[in-house]
Each structure stands twice: as C-alpha cells, then as structure tokens.
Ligand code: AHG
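There is one chain below, alone, in structure tokens, taken in the form predicted on its own.
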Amino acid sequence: MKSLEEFLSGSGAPADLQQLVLVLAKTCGEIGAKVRLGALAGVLGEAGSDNVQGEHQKKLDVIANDLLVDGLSSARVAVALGSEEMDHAIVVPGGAPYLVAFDPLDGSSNIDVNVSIGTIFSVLPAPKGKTPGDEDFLQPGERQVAAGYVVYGPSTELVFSLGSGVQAFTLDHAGRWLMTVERMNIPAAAKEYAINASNSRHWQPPVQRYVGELLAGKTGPRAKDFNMRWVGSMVADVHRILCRGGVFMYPADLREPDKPGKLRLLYEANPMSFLVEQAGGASTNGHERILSLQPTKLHERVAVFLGAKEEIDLVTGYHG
C-alpha cells in the first residue's frame, strides 16, 4: 500500500503544502489516540465553557483545538489559523503561505456515546505582503488548495483532496497512514439520504416537498424506495456518502427565518463541498453552488445540500 508520504511526494503539490498535510495528519493521529482512550484518559464530558457561537464545549473540543493550534503553529506550516472554537484567527509568524480553517472535533454531541466523530480542515492561500487577519479567510471555497477530514470511528481514516480527486488513508497500528482508496466517487443517482427528520415541521416548503417524495417511495412520483440515515456527525454522514453514495441535507428552517442555516461555511460546508465536487457530486445552499459563495464573516452559517448530483440538482431546483 502507498503511504501518505509517498502519495504526497508524487502529487506535484508544493513541498510546503505537502508538509502541511503531513502535520495535519500527525496531529489528527494524536487526537484519535485521545478519542480511543475516552473515559480512560478523562477526556469525556463537558468542559464547562462555551465557544464563540455560545455552544457548550466538550473537553475533547478544547483538547483537539489546542492540539491543532500547537501542532500547526510549532511546525510553521501556515501563517494563520482559524477555528470554529476561537473568536478570531491566530497569526503564526514565519509560517508557510497558507491559511488553515478547521473544525477540531465535529459531532461533539456523539463524543460521550462512542459514535464516530471527526476533524474537518480547509486550506486557503494566504495574502501576500501583509500580516493576515480574519478578513483574509473570507475567500470563496473554490479557492481552497486542499481540504479534508479525519474520521475517528472503528478505524481512523484521513480523506482529503489537493484538487485532483479524493483519496483515503487509514492509520495503522504503527502510526502510518496507508492509502486504502485511490479515488472516491459519488454516483450521480442515489437511494439513501441523511437529514434530521425531527425538524420536518420546521422545514421550508421545497424541502418538505423533496423529502415527502422520498418517503413516498415506489408509490410516489420518484417510483423507487429510499433509505434514511442520520448520524448527527457531519463527518460520519459525509464519509458514508463518499464511500457508497447518497445525499446529506442540513437546511435552514422556519424557526429562525432570518438565519441562512446552521453549518459553518468556512469550517464545514466549504471543505466538505470541495471533497464532494472532487468526487463527482454537487453541493448547494438550496439556491447556489456553495463553493461560489462569498463569505462575509469568519463564523458565517449556511444551509447545505450535498452528495449525488442528480438528487442535489432536483432539490435545488425545487427551491426555484
């Protein structure tokens, strides 16, 4: 099996970008070790603090964030770091010309019940000739030079793209990342969908129409049956789609009509959309391609529909 180092050395990516990915992989391996020990390491439960969005932090949220900040800063593989858990970006003097935005531990609600969680990352080019600030992270997702995630499940897997397909690597017992999927692909058609159905009464009419058709199965206008899957961890749900197809939806709803959605554009929607498009799928906010959106703030939220192209085109079309 090809190692991560071997793949990167033959990828044609700049040496400093290769090093950045290696540092991310190493640090996520350390996070994975904490996750595996769970209660034995005293890392479960609430941290007793809130993040910038006012959400209660788990101990592992804080630990994962600290490991990523320390690892990326000490290696100087990026000049600025932005995190879902921090108010503002951190500048790394002398760092390589990249900005890294990350969700250190996606799926926090699943931590204490031993369900798959993960780390999501996005790499953007840094501005030239200036000290970077929050505003420099506000780039459309199509400008990402790399993006990916690590899923901490029965095995620890790194899934990422440098802009030429999506590759998957699995961490072995010796601490090596070995390629297990050379090119991930999302079929254009799908029979599985992921959405939190408990919110159905709050969905906007286009989403109610679309999911209603899926629920009708063979007796409805789609004339085929669909299965629903929902983990509640974006990494786990998107990983399933990259492995075997399907669609993932986290729409805006009528409870807060002025808010465009819940998932973070920079830390979740953009990197996952980059991967999905690289794997042949599609991703929109219900109206526009997510990777074309112009961010306006560091912690901006957005609705997300991603996965099998035929299904995403259909539900996006229902939004008009």
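When you see a residue number, it is the position in the sequence shown, counting from 1. These numbers come from a predicted model, not from an experiment.
One more form of this protein exists, namely the form predicted together with this ligand; it is left out here, but the text below deals with it.
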{"property": "Option from 71 to 79, 170 to 178, 230 to 238, 138 to 146 whose residues, in the predicted bound form, bring a heavy atom within 4.5 Å of this ligand", "result": "230 to 238"}
{"property": "Complete contact of 24, 32 and 152 with this ligand in the predicted bound form (any heavy atom, 4.5 Å)", "result": "no"}
{"property": "Option touching this ligand, based on a heavy atom within 4.5 Å in the predicted bound form, out of 293, 263, 282, 62", "result": "263"}
{"property": "Exercise: residue 248 in contact with this ligand in the predicted bound form, heavy atom 4.5 Å", "result": "yes"}
{"property": "4.5 Å heavy atom contact, residue 185 to this ligand in the predicted bound form", "result": "no"}
{"property": "Residue contact check: residue 84 to this ligand in the predicted bound form, 4.5 Å heavy atom", "result": "yes"}
{"property": "is_contact(residue 196, this ligand) in the predicted bound form, heavy atom dist at most 4.5 Å", "result": "yes"}
{"property": "Residues in 103 to 123 with any heavy atom within 4.5 Å of this ligand in the predicted bound form", "result": "103, 105, 106, 107, 108"}
